[in-house]
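Encoded as C-alpha cells, the following chain is the form predicted on its own, with no partner shown.
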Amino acid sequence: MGRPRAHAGGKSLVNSPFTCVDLHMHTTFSDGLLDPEALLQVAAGNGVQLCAITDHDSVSGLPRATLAASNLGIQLITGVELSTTWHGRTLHVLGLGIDPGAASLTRLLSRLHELRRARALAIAARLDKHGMPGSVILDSLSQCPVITRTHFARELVSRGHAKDTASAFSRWLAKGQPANASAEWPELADTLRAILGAGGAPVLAHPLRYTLSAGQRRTMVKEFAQGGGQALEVVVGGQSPSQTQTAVGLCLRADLEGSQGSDCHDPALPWQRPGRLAKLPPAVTPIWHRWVDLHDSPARPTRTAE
C-alpha cells in the first residue's frame, strides 16, 4: 500500500472519521487485568471508536474481543505485541491488522510460547533458590495463556513478599536481580517477516522506553523501517509532550506512519486509561488510514491460530 504523505504545512492528507483511537491494549490473555469484554467496555465508555487488542505474544483473546467490540458498536483491529531482539536488546513490535491464523504468525507464536515457558521455569527455579515460592507461583499460573514477569510480580505482592509490583521487579525480577532470567527472542527481521506474512502492519512500540542513546535510537528506527516496519508508536500512555515531539522527529526522519495507544494493562492507572491520549500530531500520517473503510461497518469475527 502506498504511504500517503503529509503536507509541508504539517496537515495529513488523510481525513480519518475516527476521533478517538487506541491501538495498544492488553487483556487477561497476556498480562492485562481485565478480560476482553471488560476492557472493551471501559474503552467504549471512554469514547474509543477504533481500537486494537495487542496481547503479548498471543492472539487467543481476539475472538472474544471481536464479538465484544461488535456488541459495543466500536471497531476492533486484530493485533498482537511480539517480543523481538535487535542487536541483543529486547524490543516490542505490534502487528496490526493481522490474520491471526496465518502460518508465518502461527510459527512465530509457537516459538515465543516455548521461550516464555522456559523463561518462566528459570524464574521459578531462581526464586526457589532464594527461599521464595517460585514453583508454587508457577503452578498457580498454569492456566495463563502467556506467562510474563508481571504475573510473577503480582503473585509476589499477593503473597506478601513485595509491597507492589515495582518493588517485586526492583528486588527480584529486573535485570541484574536474583530471579531475572532472559530469553533469546526471535530476531527483528524474523518478527517483521511474520507480521508482513500475516498481512499486518508492523509498528515499533513505545520507542522512547528503550535504554538507548539518541544515535542508537535513530539507528533502531532506521533499521526497523528498512526491514519492512511501517509505523512508529508516536503517542503512548504516560508520555510527556516533549517525548512525543522526539517521537515525531524519529517518525518523520524514517518516513514512517504514526500510531497511538494507551498500552493499557490496568485502566485504574490514569496514564493507562483506554482512549485517554494526546492527539497524534498532524505532521504524522496516522496508520489507521488503512482502516477508514471500517467506519460505520460492523465488526467481523476472525479465525485464530490458537
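A residue's number is simply how far along the shown sequence it sits, counting from 1. What you are looking at is a predicted structure, and each value in this text was computed from that prediction instead of being measured.
A second form of this protein, the form predicted together with ligand AMP, is not displayed here; the remarks below concern that form.
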(request) Name the single residue among A122, V157, A166, L115 that comes within 4.5 Å of ligand AMP in the predicted complex, judging by heavy atoms. (result) A166
(request) Let me know the one among T148, Q230, Q75, T106 whose heavy atoms come within 4.5 Å of ligand AMP in the predicted complex, would you? (result) T148
(message) Looking at 166-174, 217-225, 232-240, 106-114, which stretch has residues with any non-hydrogen atom within 4.5 Å of ligand AMP in the predicted complex?
(response) 166-174
(request) Mark R273 yes when one of its heavy atoms lies within 4.5 Å of a heavy atom of ligand AMP in the predicted complex, and no otherwise. (result) no
(message) Could you pull out the residues of 55-78 that have any heavy atom within 4.5 Å of ligand AMP in the predicted complex?
(response) H56
